[in-house]
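Given next are two forms of a protein chain, the same chain in both, each as structure tokens and marked structure 1 or structure 2.
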Structure 1
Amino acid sequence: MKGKIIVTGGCGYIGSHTVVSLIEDGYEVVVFDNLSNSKELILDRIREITGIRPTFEKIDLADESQAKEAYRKHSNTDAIINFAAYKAVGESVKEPIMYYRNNMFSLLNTLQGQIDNNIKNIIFSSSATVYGEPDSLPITEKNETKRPFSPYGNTKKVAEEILEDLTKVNSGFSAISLRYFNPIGAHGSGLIGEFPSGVPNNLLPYVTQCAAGVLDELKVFGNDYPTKDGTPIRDYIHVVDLAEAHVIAVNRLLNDKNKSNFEVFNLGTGIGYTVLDVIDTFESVTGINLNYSMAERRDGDVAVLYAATDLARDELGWEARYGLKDMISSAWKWEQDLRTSLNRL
């Protein structure tokens, strides 16, 4: 074994893919999850893929005593990857306290667990939302961070600031914050993927559920943006590529290759696609015609977001391997397999 890694939120979408990549890279993995937005069955799926079912602790990290106990039990850990958080932008606007309580308390309890048990390394799951409406494109890590549009986004920004403060005074600790652009896609096996609860907010799950007949019609939120077809541009990134970047970040910390105690990296492809590009690619990859129509802009949406990928390439040696077609075909495979298994239950 290369080392022991705690993955908080390891049953979730990006967490589960990262657990697979860590196991494949030779790490021992312990998953902390309260299953509030995920299923324990995912651990069996991870075993199907890797041959190993990670150790599982069902705990609510926002609860101080549960977190303390769990970190004490696994004090011989080399690094933590922190995914455990609520992530629905719209819900966070309606329920800010719930978001701040869950996302901040669970992070603070995790950091306290690190301090109490001398666990020196943490990788934090951040988001391009910390850039707000960017002043220049592509977005580099030097772009100014701004007050995000949503409480969800603000939990990411504040969390980064906490990590920066902590690593400043505690030179034995190192943190890497990974700022994701738009993660989509699923593991090639079709065994793990995104399983949004309720009606999805994000584009890809909405598209795949429309194509599967679960939803009737896709609304395209705004076609009067200053882009080639009027719809917003995003930098979609395959979740398997993201997962691999986390393993590289862990290796970097464990091998003392980081250049400072607090580092941030964008994770994107550097390529922007409009909403209509995504729809066209979905239709050409799957042969399914989507039922969609134009609608009003959605509050808080930015016209164009895409990453500068130079820093991740030069420092981490990481570049996205998969393109939009792969992302879409894997998401569609996952959606179909999911519907089949749900029908069987």
Structure 2
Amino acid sequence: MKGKIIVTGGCGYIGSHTVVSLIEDGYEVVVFDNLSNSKELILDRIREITGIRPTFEKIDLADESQAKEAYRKHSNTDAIINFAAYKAVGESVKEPIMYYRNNMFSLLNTLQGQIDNNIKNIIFSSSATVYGEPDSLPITEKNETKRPFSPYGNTKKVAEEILEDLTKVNSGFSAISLRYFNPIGAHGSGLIGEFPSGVPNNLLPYVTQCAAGVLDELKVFGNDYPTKDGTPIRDYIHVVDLAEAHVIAVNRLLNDKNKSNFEVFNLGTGIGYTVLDVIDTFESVTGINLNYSMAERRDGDVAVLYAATDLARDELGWEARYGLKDMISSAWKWEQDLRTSLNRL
């Protein structure tokens, strides 16, 4: 084994794909998750893909005593990848205290666990929402970070500031913050993918559940944005590409290749698509006509977000490999396999 990595939120969407990539790269993985928006059966799916079922600890990292014991138990860890957070933009607007409590306490308890047990490296799951309404496009890492429009986004911005402050006073502590744009798609095996509890908050599982007949209608939130068709533009990235970037970031820290104790990288494709572009591509790829209608804008959303990815290419040697059709076809395969599995239960 190359080393031991704790993945918080490792049963979740991005977390589970990252666990697969870490195992395939030769790491021992321990998953911390409270299963609030994920299923433990994902660990068995990871074993089907990799041949290894990662060690699992059911832990609420927002609980100080649980977090302290968990990090003490796994003190012989080389790095942490932190996905443990609530992530629904609209819900965060309605429930800000819940989001600040969970997302900030989980991070603070994790960082304290690292300090107490001399775990020197962390990869932080951040978001393009830290840029707020961008002043220029494409968005580079030099763009100003602003007060995001949602409490969810603000937890990411504040978390980055905490990490930056900590690395300034602790010379032995290193952090890389990966600012995602819009992850979609699923593992090529069809065994893991996005599996939200309740009505999805993200576009593609909303689309695939409508196509599968789980939901009756797809709501497109806002058709009056200043874009070609009035719907928001986003930079969609395949979750497998995203997972591989985390492994590269871990390798960078463990091999002392980082150029400062706190680094940030955008992860996207550099291409922006409207919501209607995604719907049209889904219909073209699958041959299924979607039942959708327009709705009012959603609180916390901005009009246009897409990345400049030069820094990730030049420093990490990472570039997205998959296009929109690949992302959509893998997500649809996952949705079909998921429904078949659930019908057997």
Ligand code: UFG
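Model, not experiment: these values are computed from the prediction. We call the rigid core the largest set of C-alpha positions that still match within 1.5 Å between the two forms. Counting starts at 1 with the first residue of structure 1 and goes up one by one along its sequence.
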Sort out for me whether 1 or 2 is the form predicted on its own. 2
Core-aligned, does Ser65 move its Cα 2 Å or more between the two structures? no
Classify Leu41 as shifted (yes) or not shifted (no) between the two structures, where shifted means its C-alpha moves by 2 Å or more with the rigid core superposed. no
So, superposing on the core, is the move of Val285 at the CA at least 2 angstroms between the two structures? no
Determine, in Å, the CA shift of Met294 between the two structures after the rigid core is used for superposition. 3.0
